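This document starts with one chain, in the form predicted on its own, laid out as structure tokens.
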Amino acid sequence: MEIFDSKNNCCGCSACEQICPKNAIKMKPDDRGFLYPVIDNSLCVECGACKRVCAFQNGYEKNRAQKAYAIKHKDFNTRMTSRSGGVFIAISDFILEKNGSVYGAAFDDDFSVCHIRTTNKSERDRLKGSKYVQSNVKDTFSNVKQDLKNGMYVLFSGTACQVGGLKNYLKNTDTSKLYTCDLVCHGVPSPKIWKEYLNHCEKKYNGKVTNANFRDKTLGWNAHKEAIWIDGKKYNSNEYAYLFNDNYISRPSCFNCKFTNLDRPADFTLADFWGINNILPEFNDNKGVSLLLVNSSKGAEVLEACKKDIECFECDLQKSAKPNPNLYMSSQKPKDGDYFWNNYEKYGFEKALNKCYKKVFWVKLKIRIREKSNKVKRIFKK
């Protein structure tokens, strides 16, 4: 039995592992750290459930985005500790107030990223902020199914491929109390490289990582710098951000994404509201604004219930979506292809990071110089 013919056609959502009636499938990392299903042929009965459940290859239940909103949570601390405007907290509060469960990506004790089940606000707060690493969903699909069977309200948040995989897994389950939230995803980096980077920081700053933040909003929402705390002391950098933003460490399937469109698998789609200055400039204080796409009637009902906790303005859907390229196209593989991975396999992480960081730094510096030069020329023309 083969589930996929190429790594370009597996997003690692683990629906195949969790649906296997014989527990014949285990998600295991390849040499680059990405999880793929591995079949134990001594247990497999070739029922085909794993192939049928694959949303990446077989398609998914689609909800056409209906409306777009610019949103900020009214509580300033909630917004500052969230990735953008904090709308996820308002939505998840709605579920928790119904004694429901909320699933999403969180840091584990060793700062690996995995999906967890939460049932109170303190646990839920571990889900705040984007994690620029592919999350291991573990057994959360089966846990969602059990919660629904127990009559609970459930909110599941994740990448669109994870949500698509979950919904295919739940096809024969009553999902009337399930609410889903997908993300406008740039691509999922390798968990192995994330661990390598943490080790790099510990060596560089001579201590132990005690906290991590992929986007330090104390520098402003528009700043693209991560923050790493070593023994409680914060250090800012853009080394990992450069690798992530330039797609050097993304999963192969991210360059072949099936979800980069306005036909979403979830009730809500969340993103940073890039382009807010061209649509609603007075709403931007550089502390974060969420773009929320409402894709279903269930989503619209929840948004209405959340309005007591948020500032919310409806915006033109097409204009709002345009500054988020991953709503209409996959991330592009770097022009130099596997430059990072080739260096990583040959020289190790430190040299591969250094080579890629310098390469991206000089490219970005040239762009900034060109932009400033063009600005000066425009001024003198006036």
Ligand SMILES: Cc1cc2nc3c(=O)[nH]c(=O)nc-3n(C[C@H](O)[C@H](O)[C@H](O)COP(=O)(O)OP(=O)(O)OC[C@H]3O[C@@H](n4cnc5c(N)ncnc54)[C@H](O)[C@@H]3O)c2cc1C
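The structure presented is a predicted model; accordingly, all values stated were derived computationally and were not measured. From 1 onward, residues are counted along the sequence shown.
Below, we turn to the form predicted together with this ligand, even though it does not appear here.
Q: Counting only non-hydrogen atoms, choose the one of 196-204, 177-185, 224-232, 298-306 that falls within 4.5 Å of this ligand in the model of the complex.
A: Looking at the partner contacts, the answer comes out as 177-185.
Q: Exactly one residue in Ser130, Thr119, Thr218, Asn238 has a non-hydrogen atom within 4.5 Å of this ligand in the model of the complex; which is it?
A: Of the candidates Ser130, Thr119, Thr218, Asn238, Ser130 is the one lying within 4.5 Å of this ligand in the model of the complex.
Q: Can you work out which of Ile276, Leu170, Ala212, Leu270 has a heavy atom no more than 4.5 Å from this ligand in the model of the complex?
A: In short, Leu270.
Q: Each of Ser14, Ala49 and Asn143 near this ligand in the model of the complex, meaning some heavy atom within 4.5 Å?
A: Not one of the three qualifies.
Q: Verify the contact flag for Phe94: yes if a non-hydrogen atom of it lies within 4.5 Å of a non-hydrogen atom of this ligand in the model of the complex, no if not.
A: No - in the model of the complex, heavy atoms of Phe94 and this ligand never come within 4.5 Å of each other.
Q: Check whether Asn326 has any heavy atom within 4.5 Å of a heavy atom of this ligand in the model of the complex, and answer yes or no.
A: Yes, Asn326 sits close enough to this ligand in the model of the complex that at least one of its heavy atoms falls within 4.5 Å.
Q: Answer yes if any heavy atom of Lys258 is within 4.5 Å of a heavy atom of this ligand in the model of the complex; otherwise answer no.
A: Output for Lys258 is no: heavy atoms all beyond 4.5 Å of this ligand.
Q: Would Ser253 count as a contact of this ligand in the model of the complex, using a 4.5 angstroms cut-off between non-hydrogen atoms?
A: It does not: once this ligand is placed as it appears in the model of the complex, Ser253 has no heavy atom within 4.5 Å of it.
Q: Does anything in 141-163 come within 4.5 Å of this ligand in the model of the complex by heavy atoms, and if so which residues, in order?
A: Stretch hits, in order: Ser157, Gly158, Thr159, Gln162.
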